[in-house]
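This document starts with one chain, in the form predicted alone, laid out as structure tokens.
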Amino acid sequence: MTPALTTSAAGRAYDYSHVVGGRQTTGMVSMAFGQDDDVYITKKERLFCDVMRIKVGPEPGDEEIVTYFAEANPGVFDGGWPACVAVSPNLNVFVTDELRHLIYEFDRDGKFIRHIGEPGTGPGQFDRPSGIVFADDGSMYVSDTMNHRVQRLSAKGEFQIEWGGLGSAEGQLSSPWGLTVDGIGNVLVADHKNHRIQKFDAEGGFISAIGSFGTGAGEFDHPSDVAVDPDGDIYVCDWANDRVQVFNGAGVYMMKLGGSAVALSKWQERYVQGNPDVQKARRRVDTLEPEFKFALPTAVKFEASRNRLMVVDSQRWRIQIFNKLTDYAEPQFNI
């Protein structure tokens, strides 16, 4: 069954645009927006890890690969497992590493600058860090996943505060993953193993929570990331439920997106056209429906400049893109 290309509720609509990715982006996990159409992607594979800088413009098919960080810095990810990526206000690129328990800093073009942090449980130390995001003042919040806490570091990488601790009570965390900062400086955290999103103020004070374990509307199965748009709407990568859920700023459920990739990406189309056996295999299947849907989405970001939602569809090595339509009116039909 072909999926809906436009999903709407409560005056909002998300209109599927196109998909970016393919065999060039195998192992993709996280993404972050830079300047001038720059999108940075982390790639985690058993034998090869990297960060890519690609361009993703406004129209389908105008994406292009700019650089691979591992080529610019041979050996930089040896023994590592890069997880999530963020771009600082000065456009430097920061990448967390789950196996080396630290953060890399690169310039915009991928030149390595320094490491931040070390393994451990103390201030400024990490155990499998994952999500990372910057506040407007340049300070960074990091999900210190296996220490079950969030740490805030200064723009120079110096420890400032921490909060959390293993547990399921308000303000406690269990393997936090993705996180974001909203328009007034609050921090939203994907509390992965507690199956919820928690909101904190900039100092770590608990504000509210969304969700519980399950498959229904407003329920989660290991959420992996969270984003907030300029309208205050909240987007959650509901990882093991293979969907993205949308909430308003008060945390009220609005809708879900299950994926709408009815056409291959530019790069994947080239691969299929260049491999006759792949073409034959796709023509033999009863339905291409599985290709349309999300498979374990790991990251969600909202590109405010173009009013569009971008979702890392990790098991299909791609990004699905949806335009947000405001003041959407349902179609009227005269009979």
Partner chain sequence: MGDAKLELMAHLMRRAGFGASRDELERRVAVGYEETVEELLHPELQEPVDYHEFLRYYPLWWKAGTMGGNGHAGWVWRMINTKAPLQEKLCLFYHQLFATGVAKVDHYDEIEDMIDMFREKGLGNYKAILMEIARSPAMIYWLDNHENHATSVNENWGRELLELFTMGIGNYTETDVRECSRAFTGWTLIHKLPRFHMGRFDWEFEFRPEDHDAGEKTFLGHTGNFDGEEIVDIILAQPATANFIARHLYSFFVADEAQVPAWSVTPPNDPEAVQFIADALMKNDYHIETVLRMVFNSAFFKEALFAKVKNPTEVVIGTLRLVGDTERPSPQTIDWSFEITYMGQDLMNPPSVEGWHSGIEWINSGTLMKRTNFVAELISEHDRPGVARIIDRLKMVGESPEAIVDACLDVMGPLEIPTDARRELIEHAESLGRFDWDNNSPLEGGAAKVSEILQLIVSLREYQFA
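Positions refer to the first chain, counted from 1. Note that the coordinates shown come from a computational prediction; the quantities given were computed from them, not determined experimentally.
Note that the form predicted together with its partner chain isn't included here; everything after this is about it.
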query: Glu303: touches its partner chain in the predicted complex, heavy atom cutoff 4.5 angstroms; finding: no
query: Interface membership of Thr145, its partner chain in the predicted complex, 4.5 Å heavy atom rule; finding: yes
query: is_contact(Arg282, its partner chain) in the predicted complex, heavy atom dist at most 4.5 Å; finding: yes
query: Residue contact check: Ser175 to its partner chain in the predicted complex, 4.5 Å heavy atom; finding: yes
query: Partner-facing stretch of 304 to 312, 65 to 73, 27 to 35, 52 to 60, counted where any non-hydrogen atom is within 4.5 angstroms of its partner chain in the predicted complex; finding: 27 to 35
query: Contact check for Trp81, His222 and Glu291 against its partner chain in the predicted complex, heavy atom at 4.5 Å; finding: yes
query: Contact residue in the predicted complex, from Asp233, Glu98, Asp182, Glu162 (heavy atom within 4.5 Å of its partner chain); finding: Glu98
query: Contacting member of Arg196, Arg128, Arg149, Lys256, with respect to its partner chain in the predicted complex [4.5 Å, heavy atom]; finding: Arg128
